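Read the single chain below, which is given as structure tokens and is the form predicted on its own.
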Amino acid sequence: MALKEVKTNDKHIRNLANIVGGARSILYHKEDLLAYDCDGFTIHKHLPKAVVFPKDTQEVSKLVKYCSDNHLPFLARGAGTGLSGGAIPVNGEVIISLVRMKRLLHVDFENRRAMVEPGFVNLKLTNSISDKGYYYAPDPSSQYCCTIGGNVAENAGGAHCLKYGVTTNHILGLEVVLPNGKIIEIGKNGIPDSPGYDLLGLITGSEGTLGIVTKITVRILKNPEAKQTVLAYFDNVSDGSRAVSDIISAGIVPAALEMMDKTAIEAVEAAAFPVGHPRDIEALLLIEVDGISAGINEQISQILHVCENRNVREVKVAKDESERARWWANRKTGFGAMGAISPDYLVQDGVIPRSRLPEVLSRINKISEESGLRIANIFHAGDGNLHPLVLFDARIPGQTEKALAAGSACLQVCADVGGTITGEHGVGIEKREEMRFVFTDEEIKAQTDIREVFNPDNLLNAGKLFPSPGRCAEIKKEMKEAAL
């Protein structure tokens, strides 16, 4: 079959189209590119040069080599659900979209592993193996649409990472196209602990700045024998916060331990999956324990006792799987539910020691008062991964800037108490400058030196992850080299 002709005078567009099979696998008209000018971080928008849709690793490799040889900036994109701007083409990049690479390649139940392409949707993996009694543990709230390739790039977490860990804890092997087009395999045969440096750990969470992942071998788990879920309502945020620390101190490690404050509850009850939470409570905890049946009831009894000691207004155990699913659907729509109470929102992603929860939530409330913007809190309380959601109206002049400043102030609070600026959403362009809250210039340079080994021309996803002085140093170095 003859290739459909690409009608443009831009030779690069024509050549890229030839690599992926013609005009059906490339977008380059402005009206088509508008859908790719941002990801889930919508405050900044930039048009790409083109979007190409390779079908396999070889086409990705050829595209990358072409871009590298012709000094065209480029980046990889999955579902575009990222919340920190990691897939925004700030330099007019060629976007290499991995959505056509969406196959489940192999499942090895005996060794509890599966191999997928990067465009394979997170939740689809669990759905594909659940009939055999297995599941994939990382469960970001966007799991129904986010891709495992994007999860690898951001080292995504989710509600159940308290017990089961984030994406990096479930990655056994990667196939990666380096920024020069070469293809490498890390963790061959699904054995991650090979001698030498931990390249799996380095690539996972590198936000698409070191290479493009084209195959992923993941760990799959046997479904727990039993699980129970508790919902607890508190009239005081501090009581709910202290109950979180008390549960962990009691020696219980829940599969999930989530918290929402009053503003967040208002949003989820106004959105798609209301469950009847009281509108006058200040906080709720959603707690899930799983494991062998014999130990579950004892853990639930301990959790109920802890909540009662912290002045819980009401605490209940899900009576069946249907009620449990409704509670979780309500929680997992939390971010999107903000649209029911605010025209715009900015979500942050700080991490703090659990014991500092009451103090940090109080300081976030003060930031809200000082900025004049409401801040909702939905977060993974068990591991201290906070998600302050700054509510604003971009149509009002100055409110976007206020929201960004309030979000940055929340991250400063996290850093001040010994925490950090991201737990699962990544740095992207959103938190570049906030990297200074937790790293010195020397520590940032050590990291950009690693990037330079993989990505020496900085053509792959440039301008992400590190603050501007790092780029200034690179420019000075380039000028010095050019003068020699």
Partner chain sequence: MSITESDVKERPACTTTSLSNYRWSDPPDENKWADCVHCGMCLESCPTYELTGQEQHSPRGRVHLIKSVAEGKLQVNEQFMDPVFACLDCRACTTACPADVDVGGLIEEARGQIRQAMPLTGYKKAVSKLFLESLFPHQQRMNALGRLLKFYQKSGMQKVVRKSGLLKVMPDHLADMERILPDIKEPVRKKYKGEKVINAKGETKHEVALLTGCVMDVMFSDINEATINVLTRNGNDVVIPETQTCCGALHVHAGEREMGRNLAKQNIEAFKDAEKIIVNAAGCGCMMKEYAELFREEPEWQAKAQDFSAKVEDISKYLHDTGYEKPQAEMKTRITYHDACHLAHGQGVREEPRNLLLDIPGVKMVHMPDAERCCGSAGIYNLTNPEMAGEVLKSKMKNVPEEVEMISMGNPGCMLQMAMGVQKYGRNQKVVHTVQLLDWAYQKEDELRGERDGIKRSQNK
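Residue numbers count along the first chain shown, from 1. Everything numeric in this text was worked out from a predicted model, so none of it was measured.
The following text describes the form predicted in complex with the partner chain, which does not appear among the structures shown.
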Sort through 255, 300, 178, 99 and report the residue having a heavy atom within 4.5 Å of the partner chain in the predicted bound form. 99
For residue 79, is any heavy atom within 4.5 Å of the partner chain in the predicted bound form, or not? yes
Any of the heavy atoms of residue 42 lying within 4.5 Å of the partner chain in the predicted bound form? yes
Within a 4.5 Å heavy atom cut-off, is residue 14 in contact with the partner chain in the predicted bound form? no
Partner contact for residue 437 in the predicted bound form: the partner chain, 4.5 angstroms, heavy atom: no
Counting any heavy atom within 4.5 Å as contact, can you tell me which stretch out of 229-237, 170-178, 337-345, 304-312 lines the partner chain in the predicted bound form? 337-345
Which residues from 16-50 come close to the partner chain in the predicted bound form, meaning a heavy atom within 4.5 Å? 24, 27, 29, 30, 31, 32, 34, 35, 36, 37, 38, 39, 40, 42, 43, 44, 45, 46
